[in-house]
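Only one chain comes next, encoded as structure tokens, the form predicted alone.
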Amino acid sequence: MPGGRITLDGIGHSYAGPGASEKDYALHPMHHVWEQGVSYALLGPSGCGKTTLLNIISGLVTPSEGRLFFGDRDVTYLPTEKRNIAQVFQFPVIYDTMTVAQNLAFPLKNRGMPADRIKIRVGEVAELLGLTGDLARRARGLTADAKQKISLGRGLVREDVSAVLFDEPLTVIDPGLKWELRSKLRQVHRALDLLMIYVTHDQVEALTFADRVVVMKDGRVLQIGTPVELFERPEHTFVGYFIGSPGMNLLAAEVKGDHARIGGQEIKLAADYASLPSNVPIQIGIRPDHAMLAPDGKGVRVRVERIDDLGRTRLARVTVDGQNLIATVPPDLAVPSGEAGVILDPRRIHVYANDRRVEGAVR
């Protein structure tokens, strides 16, 4: 199976055409290399540019600047049919009057593959997707998730594709079946060793499907990383807030050396930030998992506003110097009312200057 890598060489796009201003860009110029055998998820809110980027890769949109390579081949101006890709969309693209086997075989028949080889390949893909028992059934009578499996199979059945592109393929699937289909996709990815690109606005889908998640906002790629990297070391405040449920706490602070100050309270940091840029907003960020509610007199003084009991865990919504913070409530703590404390793990506190994470000097 050939596969390949995709190189985005200064790819950017403005629907306003030549002479577009900065605000007109749907996709700001980017330089990235995406490798064969890796699954990527394009994740971000509506309007962040992820669909524009997917359409550029598929050939539906020609970028207004930059070049796109599949391997060493420049495909910037090639039409979709010349790019050797497979696509799976939100709504199943299948033929209701055909059987499951005929649907899976259709892309191969169009390319003139011998009948005996088609039968083998259809059997392989059907087994991967759990469709073997349905091969003789017509697609018309199948459930929505089974039809989407067929659509996935039609995208995966070809052995010569450079990449498989998924445009929110689980949108119409019952929530109870989404986990099963995501698991199937991961199994297929491991078995076929393809470059896969998956567009979604759902962080759970992105984090459970992809080896690398591409977090986007306002037409820019803010960070590409593994789910663990995005959670543990978000390089931008938006990544910290967007990834996680609830997201990262972000608090405006003064930072000098290895201490942060919020109002009149001092917070110990695990690194030294002696050379922060001046005249830009400074924030500290910490996950609720690493901020523990404590009795008054311990840690940072806060005011308890509300306790959310989620069954397996409790979260305290508190304020510190007028800023909101979410902390985890230890199982054995009797929740104080009014004033309380929050203990912040210094090793888990990040410092951001103008929304970008700053690396401190560890002593």
Partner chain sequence: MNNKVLNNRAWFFVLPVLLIVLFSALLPLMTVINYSVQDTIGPNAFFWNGAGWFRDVLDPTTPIGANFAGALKRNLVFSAIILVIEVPLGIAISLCMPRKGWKVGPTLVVVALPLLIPYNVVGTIWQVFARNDIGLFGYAINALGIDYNYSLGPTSAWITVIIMDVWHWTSLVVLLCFAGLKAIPDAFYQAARIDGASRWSIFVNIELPKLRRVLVIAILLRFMASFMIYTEPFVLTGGGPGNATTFISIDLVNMALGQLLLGQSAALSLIYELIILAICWIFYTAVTHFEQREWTRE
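All values derive from a computational prediction rather than experimental measurement. Residue numbers count along the first chain shown, from 1.
Here the subject shifts to the form predicted in complex with the partner chain, a form of this protein not shown in this document.
**Location of the partner chain contact in the model of the complex, chosen stretch of 267 to 275, 205 to 213, 244 to 252, 96 to 104 [non-hydrogen atom, 4.5 Å]** = That would be stretch 96 to 104.
**Message:** Can you tell me if Gly141 lies within 4.5 angstroms of the partner chain in the model of the complex, counting non-hydrogen atoms only?
**Reply:** Gly141: contacts the partner chain in the model of the complex.
**Message:** At 4.5 Å between heavy atoms, is Leu60 in contact with the partner chain in the model of the complex?
**Reply:** So Leu60 counts as contacting the partner chain.
**Message:** Contact with the partner chain in the model of the complex for Arg158, defined as at least one heavy atom pair within 4.5 Å: yes or no?
**Reply:** Yes, contact at 4.5 Å.
**Message:** I'd like to know if Ile85 sits close to the partner chain in the model of the complex, meaning any non-hydrogen atom pair within 4.5 angstroms.
**Reply:** It does: once the partner chain is placed as it appears in the model of the complex, Ile85 has a heavy atom within 4.5 Å of it.
**Asked** Do all of Phe89, Asn110 and Arg137 end up near the partner chain in the model of the complex, with near meaning a heavy atom within 4.5 Å?
**Response** Affirmative, all three are within 4.5 Å.
**Prompt:** Which pick from Arg121, Arg287, Arg154, Lys217 sits with a heavy atom within 4.5 Å of the partner chain in the model of the complex?
**Reply:** That would be Arg154.
**Request:** Have a look at Asp116, Glu81, Glu127, Asp193 for me and say which one sits with a heavy atom within 4.5 Å of the partner chain in the model of the complex.
**Result:** Comparing distances to the partner chain in the model of the complex, the residue within 4.5 Å is Glu81.
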